[in-house]
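Coming up is one lone chain in structure tokens, specifically the form predicted on its own.
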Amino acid sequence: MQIAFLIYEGLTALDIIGPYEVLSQIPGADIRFVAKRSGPIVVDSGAFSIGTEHKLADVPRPDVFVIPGGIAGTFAAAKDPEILDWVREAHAHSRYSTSVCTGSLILGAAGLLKDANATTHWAAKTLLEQTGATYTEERIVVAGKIITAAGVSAGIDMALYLTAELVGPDLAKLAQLSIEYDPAPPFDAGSPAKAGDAIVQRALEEFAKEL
């Protein structure tokens, strides 16, 4: 089973690393990090790079692919014809096509979310709907073979769900245990409904700066 992770300049690191840590535990999985060019690709913080060995053309038809999100880098990727062509071709032959956070904007830009339920980071709801999708306020949204995850950390949940679909719930539970994914955050502020108006407004201001 070939699983491709799309890598592009300015992606959010956890969007890709979280799902990778889960999906890489599938027995026999052939994991490929793919990008327009091989070599190091800088993440959105600029603090480090993710190495890629495979160009898009090297992995045209993966069984599963994962598209991470970001902000400025994601908007650029969503306008890149080479990336969008790869997404369309990969989706035409994939078993599952998935995204994390604003990675769904790339699926949408490729024309794959028209009239479909999907999710993304809560602050990008309007942008997702502009692609023709119906924003659904869920952590994971399944629309046929397309699976979209909400913001950043939801990619881990998506990957666990996907693992169960691919190889069964026991191996998904084993993966969850191996990464000790047992969330007990010190604050109950993980959604706009819980964080409070002041924190939500501050988050939106930070998002606007990135835009």
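In this text, all values refer to a predicted model and were calculated from it rather than measured experimentally. Just count from 1 along the sequence shown to find any residue number.
This next part talks about the form predicted in complex with a further copy of the same chain, which is not shown.
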Next item on the list: With heavy atoms only and a cut-off of 4.5 Å, decide whether G28 touches a further copy of the same chain in the predicted complex.
Entry: no
Notebook entry, point to check: Do G151 and a further copy of the same chain come within 4.5 Å of each other in the predicted complex, heavy atoms counted?
Noted result: yes
Check: Heavy atom to heavy atom, is L171 within 4.5 Å of a further copy of the same chain in the predicted complex?
Finding: yes
Check: Even though a further copy of the same chain is not shown here, does A57 get within 4.5 Å of it in the predicted complex, heavy atoms only?
Finding: no
Next item on the list: At a 4.5 angstroms cut-off on non-hydrogen atoms, which residues of 45-61 are near a further copy of the same chain in the predicted complex? List them in order.
Entry: S45, A47, F48, S49, I50, G51
